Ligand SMILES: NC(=O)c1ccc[n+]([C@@H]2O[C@H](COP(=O)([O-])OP(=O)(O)OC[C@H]3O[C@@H](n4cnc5c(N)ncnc54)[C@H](OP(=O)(O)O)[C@@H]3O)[C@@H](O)[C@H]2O)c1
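Have a look below at one chain only, the form predicted alone, in structure tokens format.
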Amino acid sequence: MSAARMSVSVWNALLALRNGQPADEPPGNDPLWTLYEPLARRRGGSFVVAQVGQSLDGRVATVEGDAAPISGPDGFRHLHRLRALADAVVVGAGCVAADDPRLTVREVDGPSPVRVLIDPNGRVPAEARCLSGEARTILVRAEGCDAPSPCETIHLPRGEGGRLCPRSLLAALAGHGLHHVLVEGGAATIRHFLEAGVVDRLHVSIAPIIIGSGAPGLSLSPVAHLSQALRPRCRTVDLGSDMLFDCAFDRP
């Protein structure tokens, strides 16, 4: 299998779709057009992609928390393409505290998404890089949380286990015109969205590195029988430095 390479014409067509403009569609057998078109094309409803970049043995960090670099350069560019095509990128407060991501688009041409930080208890540090003025940022807090807010804030009621409900969050974002959403991390946030049944695509980017132990990329609630396991439709795309599993779910 040869690695799929993004051409300028295909990327420009995807950006046109992302902006709601007509675009000359590349041939249907272009693997990267097929991969990104569902997120790029605006159809009037919501579309959710969850993305995780992990090692061959399913780790996203060492036991000491070292998480960089796991994805190779092509896996990193893939993540930035997803950001550029999304209306909003969602991360949890734990991801912000651990990795201090900027959540902007830098590796490809395209706009940075609105940064949405799930922060029910006001944990996001004031000096976090994703609170900078590089892009619009929304904090999502629990009702009753009175921590100082340095930016636009949405308050939602607490759901099961004191967490914020992913469906309520998506509805609130839709009310702000943000329908195409990238859920980038961390593992707990991705788990909550998967278990809520609101993910249309799961992208698992595998880098050729074996860590041996450490934090897992995906960790769902246990099931007793394999018949209860998630079984998405899946295809692979060779990105070059990383192998991507594109997993499609049918929303309930």
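Residue numbers here begin at 1 and follow the sequence given. All of these numbers come straight from a predicted model, not from anything done at the bench.
Omitted from view is the form predicted in complex with the named molecule, to which the following refers.
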For this chain shown on its own, do G92, A98 and T189 all sit within 4.5 Å of the named molecule in the model of the complex, going by heavy atoms?
yes
Could you tell me which one of R136, R123, R102, R106 places a heavy atom within 4.5 Å of the named molecule in the model of the complex?
R123
If you check V60, V198, L202, I206 against the named molecule in the model of the complex, which one has a heavy atom within 4.5 Å?
V60
Of the listed stretches (147 to 155, 107 to 115, 178 to 186, 126 to 134), which one has a non-hydrogen atom within 4.5 Å of the named molecule in the model of the complex?
178 to 186
Counting only non-hydrogen atoms and a 4.5 angstroms cut-off, does V52 reach the named molecule in the model of the complex?
yes
Give a yes or no for L35: in the model of the complex, does one of its heavy atoms lie within 4.5 Å of a heavy atom belonging to the named molecule?
no
For L194, is any heavy atom within 4.5 Å of the named molecule in the model of the complex, or not?
no
Give a yes/no on whether L85 approaches the named molecule to within 4.5 Å in the model of the complex, heavy atoms considered.
no
